[in-house]
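Heads up, the chain shows up twice below as structure tokens, two forms, tagged structure 1 and structure 2.
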Structure 1
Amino acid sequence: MSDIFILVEHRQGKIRDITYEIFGLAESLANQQGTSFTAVLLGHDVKSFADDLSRRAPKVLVIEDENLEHFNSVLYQKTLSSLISKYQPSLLLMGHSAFGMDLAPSLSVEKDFPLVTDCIGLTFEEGKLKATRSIYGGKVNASVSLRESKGYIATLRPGIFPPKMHGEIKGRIVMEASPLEGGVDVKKFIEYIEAPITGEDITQAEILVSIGQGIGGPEHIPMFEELAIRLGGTISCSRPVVDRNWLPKERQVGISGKTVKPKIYLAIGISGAFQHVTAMQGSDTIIAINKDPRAPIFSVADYGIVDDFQNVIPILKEKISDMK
């Protein structure tokens, strides 16, 4: 079987986290199929990325072209189509982001590669690609089998797969000539506008103290803000807390909020609805405090405390002070 291709997603001089998350899954799939995986890096003046990528991937294909300086799905499609024709990959993986959702459908049609989107799991069975997708707002995980094909395209949900870290490998860096002949008029990059973030960005926090409606009321929030400060973290919440206007929308973790993957996720008074769990299950360590022993949050927690938070938090604060 041919190599698995991973399209490197980068923006404003930085490789996006989803790329490294895909690397981990691609390595597992490649081992399963007895093949390898290749990072595909498109852009302008991006050679500096290649060295980092080569420490995580056995091979890096690089195409430099000033027309690829900013993402443009039309130009990316032309470039990828050329590489696919030359190398015949068995699978092309990219993030289920604005980047991937813009590019994958039209490329799938052009190459006649079956496409599956927003995947939370992938595997090959008897030569066919099978995917796991979360549907009905996360209530059901569906197993999808794709028709037999010479190649497939899949987009992966960010925050689901653990990132592949630097390894001992030193992959090959292969420079390819650009197939582009000038730009295009049908779609042009004008400017990148970063969405304004008021307050702290919970997606960047290494420690999150996350609260749910189980805390009873907003009068208890200062207690958790103090705890977050002592831990060197940030406060976040579930949707019911936002719906009650206890905390602003920017603090919400969930399908309709933000996906997070901190080193420590401390969930207090959160029952663990699927909409919330889906967006935080990639955290390194999950600690749950809830007085309901049947709360679904305990099924994903690494550590669980069945008790009223008012009994636990003062002791936790004391222990943190002792450690410091």
Structure 2
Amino acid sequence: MSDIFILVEHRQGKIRDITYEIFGLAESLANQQGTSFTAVLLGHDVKSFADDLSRRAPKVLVIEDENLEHFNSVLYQKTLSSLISKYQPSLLLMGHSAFGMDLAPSLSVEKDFPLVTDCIGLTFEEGKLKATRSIYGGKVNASVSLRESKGYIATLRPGIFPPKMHGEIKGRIVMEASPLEGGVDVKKFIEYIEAPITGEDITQAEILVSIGQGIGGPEHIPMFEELAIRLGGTISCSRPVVDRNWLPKERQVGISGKTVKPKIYLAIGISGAFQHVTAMQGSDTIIAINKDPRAPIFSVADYGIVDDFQNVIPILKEKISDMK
């Protein structure tokens, strides 16, 4: 069987963590299949990355081109497409991230490689790829079989697979010529836009009172704010709370918000989607209040209360003020 390819994800001079997470899985899949794995590095001035990668992968394929300086799905797709034709990998792995989500589905159609996205598990069975996906907001797992094919594409959920550290190996670095002939007009990168630095920095808080869509509406926010003050903490939230303008963006915990590690993370009315969980699971103690006993948040929390927050929070507020 031919190699497993890993697409290296990097941005603003840094390899992104998801890449190392993919390495671990790629290695075990390659072992299972009696094959090897290759890191595919596309970019401009990325040789320093290649050295780092070669200590984790037996082979690093590098294409340098100034048009690949910033991620552009059109140019990445062209480049990968020609590499796939040349090397015929059995599987191409990438992150289920802003990067992979913009690239994998179109490449899959072009190459006619079946795609499975957002995987939390992946194996080959009799040459066919099988995946585990977490669906219905994390309440159910699905085992998915892909049709027989000479090649597959899979995107992996961030924060699930343990990252692969530097090994003893010294992989081969292979430079390839770029198949690109200049840039493209249809899609052009212009610039990055950093999040404005404003207001409260939730990453510094020791205690976070974090609210989700389950609080029902903005009318309850003052109650949570008061609770946060009484606890000597700060209020934060999940994404829908920001989307609905109940709280400003700087309060958002998650993959597209902030990563937090407080001493205590109190999650109220938050279901526990991975985009939220990956950014708060490093907290010392996680306490979840949710009326649904099957909410996925209870599998990352240390303590849980299964109840309507309205039965709990007012009492908690009273008890906390006695505590001070």
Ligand SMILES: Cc1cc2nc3c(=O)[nH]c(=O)nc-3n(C[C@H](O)[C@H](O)[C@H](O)COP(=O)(O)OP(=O)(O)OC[C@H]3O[C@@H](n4cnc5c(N)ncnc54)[C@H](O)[C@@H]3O)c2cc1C
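Basically, rigid core = biggest C-alpha set you can superpose within 1.5 Å across the two forms. Numbering runs along the sequence of structure 1, starting at 1. Just so it is clear, the model here is predicted, and its values are computed rather than measured.
Worksheet item: Does structure 1 or structure 2 depict the form predicted on its own?
Response: The form predicted on its own is shown as structure 1.
Worksheet item: Is residue 308 one of the residues whose C-alpha moves 2 Å or more between structures 1 and 2 after the core fit?
Response: The answer is yes, as the C-alpha of residue 308 shifts between structures 1 and 2 by 2 Å or more after core alignment.
Discussion item. Does residue 124 move appreciably between structures 1 and 2, meaning a CA displacement of 2 Å or more on the superposed rigid core?
Written reply: Result for residue 124: no, shift under 2 Å.
Discussion item. Taking the rigid core as the reference frame, tell me whether residue 145 has a CA displacement of 2 angstroms or more between structures 1 and 2.
Written reply: Where the cores coincide, residue 145 shows only a C-alpha shift between structures 1 and 2 that is less than 2 Å.
Worksheet item: What is the Cα shift of residue 278 between structures 1 and 2 once the core is superposed, in angstrom?
Response: Its alpha carbon moves by 7.5 Å.
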